[in-house]
Each structure stands twice: as C-alpha cells, then as structure tokens.
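Here's a solo chain for you in structure tokens, the form predicted alone.
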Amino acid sequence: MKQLLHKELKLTTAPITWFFILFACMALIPGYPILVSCFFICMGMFYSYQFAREADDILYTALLPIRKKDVVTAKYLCALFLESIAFLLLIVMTVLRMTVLKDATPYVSNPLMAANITFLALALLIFALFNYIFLGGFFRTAYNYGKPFIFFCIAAFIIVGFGETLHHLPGMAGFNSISGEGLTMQWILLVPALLVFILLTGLSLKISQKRFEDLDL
C-alpha cells in the first residue's frame, strides 16, 4: 500500500493540485467567505481525477498485481493525505488570526465568518462531503467525474452559506468568536464534525471498494 500511495502522489496527483492546497491561505483574507478556500482545495483534487482519467490511470493501476479494492484504498489515502496537509495549513492560518492578528482592524470589523474553531469544524464537513459525494460518486463508474463534482459543489456551498449565516442567528454569535465563552460552543461543534468526517469517509471507502470490485473494466 505504501508503494501504491507513493505512485498516487508522484504520478497521479496533478501538479496543480499541490498549488491549490495553498488556497488555505485565503483564510487570512478579511471580508471574504473563507470557507470557499476549502472548496478550492477540493477542486484541486478534482483536477487530479481529470488528469488521471486522460492517462487511463484506473485501468493501469487495476492491471497491477494487486487487489481491486487496493486501487480504491490508495485513492482515498491520497485524498486524506492532501486534505491533512491542507487542514494543517488551515489550522496555522486560524491560529494566526486568533492570536497575532486578532486585533487587526480588517478582522475586528469583518461581518463574515471569522477564522476560528467553527471554521475548522465546517472545513472538516466540506472535506467529508468531498470524500463521500465526489469520491463515492466517481467509483460508481471509475470514469465519470462531472456529475459527482456538481453534486459536491452544491453541498459544499450549502455548508458555506450555513457558516456565513450561523453567527447572525439569535444566540449563535458565539460561533463567530475568537475568544471567551464562545470557544466552548465551537469545540462542541468541532468534535462531532470530526466524527462525521471519519464516519462518512470510512463509509464511502467501503461502498467504493464494493462498487469497484463489481465493475467490469
């Protein structure tokens, strides 16, 4: 599996995908719906699937002396690796905004979502939706990627809209706080978001393995 993952990262992952991970730095942009950064990170991974299909990567990998389900597992591990790098970068940007830049005027007067624990929780949900909707949808055919990505786009922007609306609702202002009691509310949101990420990704992996084993390539 280590060699398969190495192959995914070195040969299958498009160079532009690595560039799109840097969109995590959009979390520093004031007056911008920063959750969109997570969508762009996922879009970077989507480009790798375009690149891989043109190179007939799925068929090539399936012809290797490995189990068919290992092909799927390697794809998911690659996505998780890229998401982990992006999420660590999101954490760094969030810590900067909550500490060094917390008193900067553009952030203090920002009416949109702040970079805080709520932001990280919703970022996990967007990554979970990518794994469940896009990756799971792709392995229905192991060829068509357009429709799954459209469905993911719709779901992702629902999360973006939710994130930008939540702190404007009565009693929910704490979800946009960068200090004080509001952080407790945010940690309560982060824990289930992490669980949802793990459960949806694991479920999607199992479903995709079954689908791919049933496919006649």
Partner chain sequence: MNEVLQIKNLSKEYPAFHLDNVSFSIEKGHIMGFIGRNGAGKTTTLKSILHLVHPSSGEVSFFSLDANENEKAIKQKIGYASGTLVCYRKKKIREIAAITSSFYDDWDSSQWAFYLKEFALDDTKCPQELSEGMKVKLNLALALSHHAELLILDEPTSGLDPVSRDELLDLFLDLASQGVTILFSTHIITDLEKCADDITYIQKGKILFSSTLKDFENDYLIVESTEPFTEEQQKLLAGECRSKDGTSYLIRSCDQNAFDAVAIRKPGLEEIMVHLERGNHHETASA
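Positions refer to the first chain, counted from 1. Because the structure is predicted, anything quoted here is derived from the model rather than measured.
There is also a form predicted in complex with its partner chain; it is not shown, and the following applies to it.
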Taking the shortest heavy atom distance, is residue 51 within 4.5 Å of its partner chain in the predicted complex? yes
query = Just to confirm, residue 168 within 4.5 Å of its partner chain in the predicted complex by heavy atoms?
reply = no
key: in the predicted complex, residue 59 touching its partner chain (heavy atom, 4.5 Å)   = yes
Do residue 11 and its partner chain come within 4.5 Å of each other in the predicted complex, heavy atoms counted? yes
Checking 154, 172, 64, 191 against its partner chain in the predicted complex, the residue with a non-hydrogen atom inside 4.5 angstroms turns out to be 64
For its partner chain in the predicted complex, the stretch among 145-153, 28-36, 160-168, 51-59 with residues bearing a heavy atom within 4.5 Å is 51-59
Contact check, 1-31 vs its partner chain in the predicted complex, heavy atom within 4.5 Å, ordered by sequence, gives 3, 4, 6, 7, 10, 11, 12
